[in-house]
Each structure stands twice: as structure tokens, then as C-alpha cells.
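In the block that follows, a single chain appears as C-alpha cells, in the form predicted on its own.
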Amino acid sequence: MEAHKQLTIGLFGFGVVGEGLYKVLQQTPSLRATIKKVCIKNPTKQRNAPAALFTTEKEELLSDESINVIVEVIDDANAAFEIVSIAMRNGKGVVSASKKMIAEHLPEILELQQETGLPFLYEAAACASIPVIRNLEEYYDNDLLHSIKAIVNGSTNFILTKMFEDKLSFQSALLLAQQLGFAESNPKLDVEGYDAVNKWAILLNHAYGIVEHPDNILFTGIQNIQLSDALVAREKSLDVKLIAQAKKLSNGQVAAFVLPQFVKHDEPLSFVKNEYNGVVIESGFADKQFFYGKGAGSFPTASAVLSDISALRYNYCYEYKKLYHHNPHELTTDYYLKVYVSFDDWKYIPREKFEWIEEWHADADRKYLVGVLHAGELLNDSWWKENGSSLILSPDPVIDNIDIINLKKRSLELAGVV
């Protein structure tokens, strides 16, 4: 695709993001990109665009030789993957915002790009308006990347902000997020962490060369966070956020998860409120760098799609440097996490699974403890998500195996056993 070539776009989906892109493109004539056709599911719905623009036949877009770019912003992951596959095999570059589709089909998508040599860009699928994929691709060598920690879901962050700062109930905050267009049509995807873990599966590839299905990543959402957890956080001068984290361990493997976490007030992610996203990248020589921007809504997501469309004009492709030009890192669950667990009844808490328990508060209406658990145990078990239990990570939760051995040895020395 030559730099001066006119981009003729076939757009799939005209929801919040699709309509946002349509409006944004009308305001950026310098891009020399126009939407020729929009494929939609429901032809009877009223839309703010000329009726002639719309069709329900996907072939009208995929077989039209004058359309050289397919932009795909639909909810259905299987349909999205089919569209992407046909488009690329028909010689069209693709821009997508479908995180579930990309996360679940990453191996096939990598293959398609190698097979066709065509660009497939999806900045909008990770953190909406924050260009985190391109930064991880271009600027960070994975040998020097110590950790990446982020708020990647604007809806859950909005809900937590409203619960903590405006004292709204969980349900009221969720309803408000839906009314403002921040929450997915199925709120379970946001609230229970599915959206965030899909984004994290995508970003792990660009950060560390890890290609892993989201099912194999430890995660939950904010569905079990209680008002009592907020009060404990306030007592300890902490916030609660849904944090996606990846950290390199001493053996070179990577610990990665998406879990609610206590955040200190002086940490950059503590300043990320409402529908905003934030990413903190820590590397060997650059120390910490903080990216901040809107993570939900029509125009922020459309702006990332627009940026990808613009990049197609100069043949930009992801090189997947961490995957193809380095030794990719390996995901592991063989490490420990320091956790806070609140619960109604002791009988649901398997105390034998804790390496140790540092504190417990059994006298309050809502009981809680702070202790250390093996990450593999959490991935393979679900007691911590059931029976009204709420698990939140401590501010620096990851404990390496080496540190566990040293801590145990130290405690035995203090006890006079060694």
C-alpha cells in the first residue's frame, strides 16, 4: 500500500465505536480515507448516516476490489475472525478493535499475517486511546522490561471510582456506566474481568513474546468487591483497582494476572479514575514510565482506530519483535501472591492452602485475613471467588520462589529451629 494511496474503507459495525469513527473521519479530510460501505446486522435500526452507506451483506465489502482496508468493530468474536481471515486472504489490510477475537485467535492471526504479508493493526483493542501496543513494539526490549502494570478496563475503573468516591452501590455505578456508554452490552464481560484478561493476553505478546490463551491467565473482576473492602482500604490509605500485571521473575519466566489490587496513594495508577486507563512500564534503564488516557467511549476508541488507519498509509506492520527476534519469555504460575481475603464464614476458607497468614480479623461482621498463596493454586481453584469471598492483592503482591525460601529460612532462624 503506497503512502499516497487513497484508503477506501469497508466498515463492519456501526455501534459506539463504528459511529465514532464515521464522525471522526468526516473531520479529518487530510487522512484521505473514506468509508465506502458499512455492514450491519440490523437494517431497521435508525442511524445517523445516509441509508445508502449500509448493507447487511458482508460480501459487498469483502469482494469489492476498490475497498483496500477493512475496519472491524463488532461484538461477535467468531464473526469478526471470519471477516478478518477473508479480508486478508482477499488482499486487504485490516484494523480491528475486537479484543476477544484477537486474544482467542492470536496463533491463527499471527499465521495469517505471515502468510499474506498484510498489516493487521489493533491498537484500539488494548487501551483505547493510549498507544501502548506500538510503544511496546518499538521502544522496549523484553530483556530489559521488568514489569508492566495497568488499568485496562475503563468500565470497571469507572464503577470502582463511583463506589469509592461517590459511595454509590455496585449496581447503581454499573447502571451509570452503561448509560454513559462505558460498559459493554453484556456487563459480565467488563465486571467479571473477561474484557481485561483478553486485552492482557494481547499485550503479553507485545511485551514478552508470550502467546497464551486468556483461559490460561489467572484473572477475576470486581464482581465480589464489598463496601467493607473499601473501608479497609481507606483505613490503610489505599485504593482498590482492577490491575493487570506482568512481572519478570528471577528465573526469567513471567508472572501475569488480572486481579483486584490495593494501590498506594502515591502510585501513578491511584490517580487513574473513572473511565481512564493507565499503564506503568518499568524497564532496566528507563525506570518507570506512565501512560494515561481515556480507555472507554466512542471517540477515544475511534481515535486509536484512526491512528491505525493512518499507519496503513506508510505500510506499518507489527514486527512482533519479542516473539520472532528474541527468545520469547514463558508464562508461569509457579510463584506466590500476598493477598487480602474478606468473607462471611471461616468454613469456606481453606486455611491449609496458605503458606502463612499474617493477620486475621475474625470479630468483625465481615471477616478478613492477609496471607500468602501459591498462584497455581488460585488458577486451579475457585473457592476465592465463591460464597461471597472477595480476594484483593496487596500493593506489591508477587513473591518469587527464591524469596519464599529465604523468608521461611529466616522465620525458622528467628524461631531458633535452624
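The numbering used is simple: start at 1 and walk along the sequence shown. None of these values were measured; they are calculated from a predicted model.
Same protein, other form: the form predicted in complex with ligand HSE, not shown, and the subject of what follows.
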Notebook entry, point to check: Between the options E72, D195, D229, D308, which residue brings a heavy atom to within 4.5 Å of ligand HSE in the predicted bound form?
Noted result: D195
Checklist line | The unique member of K92, K99, K322, K241 whose heavy atoms fall within 4.5 Å of ligand HSE in the predicted bound form | finding: K99
Next item on the list: Using heavy atoms and a 4.5 Å cut-off, decide whether N153, A183 and D190 all contact ligand HSE in the predicted bound form.
Entry: yes
Notebook entry, point to check: Which of these stretches, 202-210, 105-113, 295-303, 230-238, has heavy atoms within 4.5 Å of ligand HSE in the predicted bound form?
Noted result: 295-303
